[in-house]
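Quick setup: one chain, the form predicted alone, written in structure tokens, and binding and motion questions come after.
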Amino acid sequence: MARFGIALLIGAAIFAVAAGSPAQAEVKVGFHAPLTGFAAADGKSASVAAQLAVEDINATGGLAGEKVVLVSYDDQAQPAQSIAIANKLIAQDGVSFAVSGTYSEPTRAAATVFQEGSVPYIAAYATHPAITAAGPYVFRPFKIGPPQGAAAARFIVEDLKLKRVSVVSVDNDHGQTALSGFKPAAEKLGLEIVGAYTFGMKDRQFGPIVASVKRDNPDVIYVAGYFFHGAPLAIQLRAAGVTAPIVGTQGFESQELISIAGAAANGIYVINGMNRDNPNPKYKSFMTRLTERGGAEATGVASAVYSAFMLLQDAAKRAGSIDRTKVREALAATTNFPHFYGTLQAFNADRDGQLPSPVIMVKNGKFVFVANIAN
């Protein structure tokens, strides 16, 4: 009986210690990306980057000492899906913060929901200016579409020294916002637009556009679209004998561009493409793990998503809290944050990040760094 009583006392003591040792507090962070549909390649890279970021955040103290639990959904790059997801993340999952790993239209749709819920929301790489217009809880540590378009015009004139351009653009937020910056910059710089053509998101056959561009006989072709447009367009242009260099928007930046286009991809420039020669040891480590996890197809997307999560951790550390209002204020006060695209100097009044625009190009079947275009 004595031994039995001792065993009971030991068991009770162990239980008391266990019960008195609280588990680490947790904070939920929502995330959405296009894991299926036309943008699945970007979505996979974004999702892997989000997982790596959360692992690194939890390995270095979490968000202000609290462990991050990632709550992630597939938005299929569809606005209706992202609205439903945003509502679910807030009302059902109870997230404190959220990050977008998707395109402009679904990000713009979700931004209003997160703003109404006073949930700080970071758009990792979506470029439409109206996203942050949703309100003060929405941030974008990335260069928006119009300045990217203006940077393209400057690169064509100042670096490539070319004077006549044909413009080809997808008829969605990404394409049209890039053009809204490109066209006035081209006019100011004396870059002549000799033809302008638009195509739909689902288009892959560009016969009429190719014929028109060939008649234009431009020095250069500016294309505002995605890799799944740029690859077939490049193949068709080269097959038609059009040899003018192609300058694409950030949507071109995917290994799929090279895989699909093959030799036709060589010489394509990408504005606001990720510099894979970044010497930052943290970036090199990230890239190694991203490749091991199968997420390296869209390096730029992945880098932007990872940096967005790191920015959230940085803001929570500066706020000393996971209080949403305090973290929002810390985000707004960000200066000189080490984003993988370059130093995020600050957020402007619209909460858009002030960063350089890296230019990369395809050379011998690989993306190589060309230049940085300053703000």
Partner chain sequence: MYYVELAVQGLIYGSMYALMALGLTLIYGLLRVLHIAHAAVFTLGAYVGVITANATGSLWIAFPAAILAAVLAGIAIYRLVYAPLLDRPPLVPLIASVGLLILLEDLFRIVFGNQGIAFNENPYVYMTVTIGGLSIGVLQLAMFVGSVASLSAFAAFVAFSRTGAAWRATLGNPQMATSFGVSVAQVRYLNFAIGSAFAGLAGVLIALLNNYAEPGMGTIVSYKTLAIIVLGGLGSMRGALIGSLLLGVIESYGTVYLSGGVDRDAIAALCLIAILMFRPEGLAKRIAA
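Numbering follows the first chain given and starts at 1. Fair warning: this is a prediction, and the values are worked out from it, not measured in the lab.
We do not show the form predicted together with the partner chain, though everything after this point is about it.
Using a 4.5 angstroms heavy atom cutoff to the partner chain in the predicted complex, none of L162, S357 and A371 count as contacting. Within this chain, A41 lines the site of the partner chain in the predicted complex, having a heavy atom no more than 4.5 Å away. Within 4.5 Å of some heavy atom of the partner chain in the predicted complex lies at least one heavy atom of P208.
Contact check for F227: a heavy atom falls within 4.5 Å of the partner chain in the predicted complex. In the predicted complex, no heavy atom of L189 sits within 4.5 Å of the partner chain. Considering the partner chain in the predicted complex, the lone stretch of 117-125, 284-292, 256-264, 153-161 in range is 256-264 [heavy atom distance within 4.5 Å].
In terms of contact with the partner chain in the predicted complex, the residue from A185, V71, I235, I193 that brings a heavy atom within 4.5 Å is I235. Residues of 281-320 placing a heavy atom within 4.5 Å of the partner chain in the predicted complex: E297 alone.
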